[in-house]
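A single chain comes next, written as structure tokens; it is the form predicted on its own.
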């Protein structure tokens, strides 16, 4: 969780140069303040970011939690947060310098002596910190910040001694520090830590948070952008706990009992319900109805105007045709009649009469008057009157009359064919009506028998159609015997027409390869192209009577049998599942449920192998520390186990004490004493203990100056350890 930014301190010059500055250089949080005070002045995340300005490209340094307003001016997406630590050991001193610059600046040190720090510094570190890291840190504090003297102490030891003075833990005991990246077990004897008995495991609060983030991101991939590291840290602090028995807790959630439902926690993500469409009011319905009525009235007026114009045009055309017919009746000589026909564009009187009839029919239809069909009116006209040139020999006709005769022959043939087709359709319709009537009578007599017959007929026709399709696709099955396995090769997949084309192509290529290419010299050779391009699959366009009958039977079954499903539909249902239909997202779709994750993530502290760290867990670290002290009597070890002290931010998980007691007791002798205590403030006690230690009168005997560092060198730092008993 982000720490609130504190304003820059202004009272730096009010402190005496002998007042030490206390720094708790934790892997998660950097804390800095003055010795003797109860709380640090400045706290922030021990990380740094180096983003670039969006317009100028200038790089700036951001330490701790950045202000969201930075995204407006700086591109924070192309750089990541960097920590100076690697498993609780400082190794990135460039980042450490950025952190110290910001810490001293916020404390007010930059306002005096050109940024130099003229106060002794007490800085915390982990147990058995490498000499190289300690030496570089001392070099940084001496040469960069001009510190007059420096002292290093173990954070867990300061927390232990601070709580010892409060009566929480005893003089002899074991400090179990659950840190950010690592966890340590440190034995204490007569108030002093025993480094030779210390034990370290590379798991801590960071691994718990990161594991929780990974599990939730895999469980809810569509909410991965919302499951940030900071949010995962918040969920860990609020909802995670250590299970007393991990396997038993898993069984509870596996069975899905009421207890497991009660232990689940729900994180509701922001969700905006979709707008609900309200039904239109009566006023809105009336308004829409009025608009539709107005539009309909306009369309009716347009249709009436169009119909009136059409009637006028047809009346004019009919008047012209009637005038022509009257002129032809009044013409006494053939030459006059031919002249009238030539001017009108018609070839004969019959054509004018036919046009007159069509226009009359169209005019009656436009006026809404009843009209007769062409065939009904044609019954009153004989074939000789309608097609007069058909029966006249060609020798007696002029060239124009011969063209008209051909046209009349075509019209006569088409008309007769249409009449025959109409008569055939009428007969088929009568037969279908008769068949339907008979089937209806049979159905009413015995409905069950009728359905059984329909099902049997449908099955028979379906199998017949399937067999026909298989034969058409795979051939007749009478191959040349090469396909012994019964599979369908390329030749068997071709139908008869395609196989014939393949045979012709093969024959032509075979003849071409024999010698001189003489293909095309003979006229019959070109018949090959006609045979190859001939479409012999015309039967696909012909309506199959069996297929039509199958469709009719299926329609009947669908009408009278509710449980009937067509074979095509059944095949589709079997071959492909119905695609998921889109649904409206609800608040439940924006919920992240924490079930087994609540105790599965903290379990990495006891089973580091779950995150790839094959080391001992917290409960085994105590027994490892005791085994590394073979010179101690068993009674001393029993006395130590009566004061197992929990500290560090990771120790705040609920249930940790009970689980540790169960695990440690399993490694201790039967009925041996065991007591686990927790720090008053697991997070702040390390700094407070260091603050009290630095404010003591004997602190000046535990520091070393730049002159000592230059004279004694790095090897002296290897043997350097402060005496914590001065705390008492």
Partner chain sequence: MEPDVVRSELVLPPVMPFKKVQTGDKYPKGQSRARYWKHLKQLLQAENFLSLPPDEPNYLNIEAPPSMYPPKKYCDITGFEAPYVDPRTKLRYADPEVFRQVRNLPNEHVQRYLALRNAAVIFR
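Positions refer to the first chain, counted from 1. All figures in this text were calculated on a predicted structure; none of them were measured in a lab.
The same protein also has a form predicted in complex with the partner chain, omitted here; what follows describes it.
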item	value
In the predicted bound form, residue 180 touching the partner chain (heavy atom, 4.5 Å)	no
Partner proximity in the predicted bound form: residue 91 to the partner chain, non-hydrogen atom cutoff 4.5 Å	yes
4.5 Å heavy atom contact, residue 218 to the partner chain in the predicted bound form	yes
4.5 Å heavy atom contact, residue 353 and the partner chain in the predicted bound form	no
In the predicted bound form, segment of 242 to 250, 415 to 423, 648 to 656, 296 to 304 with a heavy atom within 4.5 Å of the partner chain	242 to 250
Contact assignment for the partner chain in the predicted bound form, among 130, 274, 280, 447, heavy atom within 4.5 Å	130
The single option of 615, 308, 591, 257 touching the partner chain in the predicted bound form, heavy atom within 4.5 Å	615
Residues in 30 to 64 with any heavy atom within 4.5 Å of the partner chain in the predicted bound form	50, 53, 55, 58, 60, 61, 62, 63
